[in-house]
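Consider the single chain below, provided in structure tokens and representing the form predicted on its own.
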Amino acid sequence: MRIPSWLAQHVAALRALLVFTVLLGIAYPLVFVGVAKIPGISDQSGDLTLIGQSFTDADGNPVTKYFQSRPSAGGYDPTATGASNLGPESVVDTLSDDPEEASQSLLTQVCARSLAIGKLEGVDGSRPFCTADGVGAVLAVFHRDGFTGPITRVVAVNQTDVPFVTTYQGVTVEPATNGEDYQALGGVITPIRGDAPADPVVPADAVTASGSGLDPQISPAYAELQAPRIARERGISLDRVHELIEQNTDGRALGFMGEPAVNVLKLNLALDGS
């Protein structure tokens, strides 16, 4: 006897549930447990150098005798691993009198980090689309006819004090007011590039967090940027610092995937032991 179509659909769904439960709930985890037992991989399972950490004092300031890690959205907390979920379009800060409601855009975070690293390392920390005081250089531009027509008003959306530019296309630039949503009011959000070099001195990984927030690696370029400070603070030769960087640099996976990376934790441990 032919079973009803609705019952056949439920039976098929149950079969699929059972198959995927076995494959993804049992077989898949067991495969990865088996992989973790392979010699060379299992030896690293308790290796603390696989997780990054901050080298800062109690106030969050960099300890200058150590190489600094890349930023972490979760503060290198294994229980809070993850990214900030902010993307390239995050350029407008949330300004509020209430610190709980205020937040920085990804652009302002990048600008502030780059400025701070520039000061720490004694180099130019400027970046395109950043103001001189380390916030996103962004304007809300109001037109008479919405998105077209003469400009009637311009607001520096990330600054409540003196705007980073005085005028824009002949119109005086206003500072922002806390709590105002200028995009909702009809302003066209307009990042201003400025005159910073196209290739900033401070590398990208120095100012952006990793996807996991736990990665212990930085780029060789960021390590080289910090090398003169390390040599000076520790009273050792710059050649010795470069040697330690090279010793703690991992090459591309399988020789072609990814980029070389420097394990900051291993490097700092090597410095302490040298």
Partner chain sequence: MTAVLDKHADKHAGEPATGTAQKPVKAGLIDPKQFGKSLPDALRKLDPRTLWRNPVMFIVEVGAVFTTVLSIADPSLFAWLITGWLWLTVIFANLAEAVAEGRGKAQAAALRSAKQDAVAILADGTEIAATQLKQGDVVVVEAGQIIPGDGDVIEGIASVDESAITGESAPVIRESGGDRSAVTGGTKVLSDRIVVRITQKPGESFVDRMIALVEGANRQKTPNEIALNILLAALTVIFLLAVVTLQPLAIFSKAYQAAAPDTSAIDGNGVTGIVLVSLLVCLIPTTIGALLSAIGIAGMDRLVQRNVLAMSGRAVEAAGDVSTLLLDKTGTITLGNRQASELVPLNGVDPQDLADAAQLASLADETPEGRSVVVLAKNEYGIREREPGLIGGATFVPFTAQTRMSGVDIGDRKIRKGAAAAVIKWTGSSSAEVDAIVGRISDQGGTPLVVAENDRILGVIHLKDVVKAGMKARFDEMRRMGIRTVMITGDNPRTAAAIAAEAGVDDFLAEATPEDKLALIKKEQQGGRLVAMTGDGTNDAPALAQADVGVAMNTGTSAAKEAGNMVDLDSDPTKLIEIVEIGKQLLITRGALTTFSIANDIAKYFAIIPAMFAAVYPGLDTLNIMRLHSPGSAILSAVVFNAIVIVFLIPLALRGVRYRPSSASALLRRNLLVYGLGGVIAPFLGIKLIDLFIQLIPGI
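Positions refer to the first chain, counted from 1. All values reported here derive from a predicted model rather than from experimental measurement.
This next part talks about the form predicted together with its partner chain, which is not shown.
At the 4.5 Å threshold, heavy atoms of A184 reach its partner chain in the model of the complex.
When its partner chain is considered in the model of the complex, D195 lies well away from it, no heavy atom lying within 4.5 Å. In the model of the complex, its partner chain sits beyond 4.5 Å of every heavy atom of G149. With a 4.5 Å cutoff on heavy atoms, V188 counts as touching its partner chain in the model of the complex. Partner proximity in the model of the complex, defined as non-hydrogen atoms within 4.5 angstroms of its partner chain, places exactly one of 115-123, 139-147, 152-160, 165-173 at the interface: 139-147.
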